[in-house]
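Shown next as structure tokens: one chain only, the form predicted alone.
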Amino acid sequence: MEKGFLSIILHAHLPYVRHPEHDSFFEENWLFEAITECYLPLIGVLDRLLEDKVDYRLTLSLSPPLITMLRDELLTRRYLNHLNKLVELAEKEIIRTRKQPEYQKLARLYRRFFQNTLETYQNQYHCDLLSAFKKHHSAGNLELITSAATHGFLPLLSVSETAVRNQINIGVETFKLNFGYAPSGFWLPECAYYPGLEIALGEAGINYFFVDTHGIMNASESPRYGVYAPLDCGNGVAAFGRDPDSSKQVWSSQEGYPGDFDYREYYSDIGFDLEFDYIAPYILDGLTRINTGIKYHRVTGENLPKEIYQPKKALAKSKQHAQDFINKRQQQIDGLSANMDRPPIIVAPYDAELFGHWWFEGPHWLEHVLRLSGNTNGIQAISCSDYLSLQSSHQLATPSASTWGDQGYSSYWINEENDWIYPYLHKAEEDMEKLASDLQGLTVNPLQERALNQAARSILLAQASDWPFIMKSGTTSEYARKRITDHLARFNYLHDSIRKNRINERYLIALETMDNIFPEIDFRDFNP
């Protein structure tokens, strides 16, 4: 019998960004960078583990906006164009660095990397990454779960039970539509929980979810096993808590592995470092500097000139850090198992985009962790579903309100930068529910139904947690504000058009073209 278990969960999410009205759009690069640097490298890890017959378990949460964007034909075409330009840029870099052999060696590495990315994406998986993830689920190694429809921050939407229910149910239905089965687990956006949320999760068929450490430690009953065993919320839905030690080792900017001086420096990119005229054909509209993914320096150290990146040294360090991570989990389990009547489970949830995008060597680290987890005595990587099947009874308690955001609660999503949005969100939700209620039992014609469903899409897109987060962080605040106001304006236009029975089909088609998420949505679900 195993002394204890390790459950690594990667949450893959990006906001729904798709702009057919423009030839190119800066924020669409969020998706392109994540596919190149995170999702395809992760698939490469899973492919190698499968080929080597490694017995491992990993959990991946795919949010509905990301699922939709990965299947979108427009974004697929634009991504292929993006990749081809990167190959071309890497080839130009090989020529430019011909008198700098250390730099040219890296330029050749990037050309191979981009060419392999293009080959894998276009020829091996035919531009369908969901099929790649589904393959590894079918092989029994990858547990796939999902999140809320547009990653809405559920505690701040909870003034309406209907809003929360739709965020959960439409998220689950989107997953089922794309994968053909229902998810067992659910990633609460921002790990944001409030007591009672488990009811809506249970009604949607969810068996478990995750909260941050203090959500378990401050539960209604003191947790007998801390965060190392789940709590039963009282309706059979289990809450798993994040282990702070494994989190700090990977996340911490001061103590975490990604800050090691041998790893690649994210912020040193030729898109910003080289002369404008040279880089212009490969940046946004030839005007706005952006990351290209070609980075020549390592982290080095604070206030020191950046030194050249050495990939072999970095990969060797990722192996050392993987061994260190497993050793520390083993020590935890040795200490915990002596005082528990069941094997402890160490739950280690992370944003998937950390691995490869922010931490270039992250996928290699993860691969070695998963290889090592099958070769140690007393520790095994499993999913939370696996753990629930092994343990039939759990302590009854309700987690406390919590998030994994700054300071642990809701301050990052409601503050002086973004609190203005919530009265508008709540008013729009109320108007949508009243509209659906008023039309209950009445016959609507096809044009009205399309307008009603598009109004529902606009509500959901306005509710995304990404926009208030960006406003607080100050990264692309103007874009975030515009997205909120645009979606609310679209909803208000549609609402008034429906009420007055003056629907402009041309304008409706334009909105359907721009916001084509959730093809199966039914406005009747907004009837409270």
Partner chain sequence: MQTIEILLNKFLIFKVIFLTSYGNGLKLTMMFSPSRPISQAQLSPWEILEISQEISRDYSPVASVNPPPLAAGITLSPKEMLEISEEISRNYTLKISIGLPRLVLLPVDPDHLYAYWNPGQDRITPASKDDSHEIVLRIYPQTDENTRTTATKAWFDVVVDNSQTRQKVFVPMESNASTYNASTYSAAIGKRYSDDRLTAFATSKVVQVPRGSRTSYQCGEGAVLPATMPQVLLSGEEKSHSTNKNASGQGKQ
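Positions refer to the first chain, counted from 1. Because the structure is a prediction, the values reported are computed rather than measured.
Another form, the form predicted together with its partner chain, is not on view; read the next lines as being about it.
Chemist: Of Leu396, Leu390, Val444, Ile308, which one comes within 4.5 Å of its partner chain in the predicted bound form, counting heavy atoms only?
Modeler: In short, Val444.
Chemist: State the residue from Val87, Ile283, Ala401, Ala200 whose non-hydrogen atoms include one within 4.5 Å of its partner chain in the predicted bound form.
Modeler: Looking at Val87, Ile283, Ala401, Ala200 one by one, just Ala401 meets the 4.5 Å heavy-atom criterion.
Chemist: Where does its partner chain sit in the predicted bound form: which of 90-98, 115-123, 218-226, 319-327, heavy atoms within 4.5 Å?
Modeler: Checking each option against the 4.5 Å cut-off leaves 218-226.
Chemist: Would all three of His22, Ser410 and Leu435 be in contact with its partner chain in the predicted bound form, where contact means some heavy atom lies within 4.5 Å?
Modeler: Yes: His22, Ser410 and Leu435 each sit within 4.5 Å of its partner chain in the predicted bound form.
Chemist: Taking its partner chain as it sits in the predicted bound form, is Asp496 near enough to touch it, meaning that at least one heavy atom pair lies within 4.5 angstroms?
Modeler: It does: once its partner chain is placed as it appears in the predicted bound form, Asp496 has a heavy atom within 4.5 Å of it.
Chemist: Heavy atoms within 4.5 Å of its partner chain in the predicted bound form: does Lys313 have any?
Modeler: Close contact is absent here: in the predicted bound form, Lys313 is far from its partner chain, nothing within 4.5 Å, heavy atoms only.
Chemist: With the partner left out here, check for me: in the predicted bound form, does some heavy atom of Trp30 sit within 4.5 Å of its partner chain?
Modeler: It does: once its partner chain is placed as it appears in the predicted bound form, Trp30 has a heavy atom within 4.5 Å of it.
Chemist: Closest heavy atom of Ala182 to its partner chain in the predicted bound form, within 4.5 Å or not?
Modeler: Heavy-atom contact with its partner chain at 4.5 Å: absent for Ala182.
Chemist: What residues of 148-175, in sequence order, lie within 4.5 Å of its partner chain in the predicted bound form by heavy atom?
Modeler: Leu156, Val159, in sequence order.
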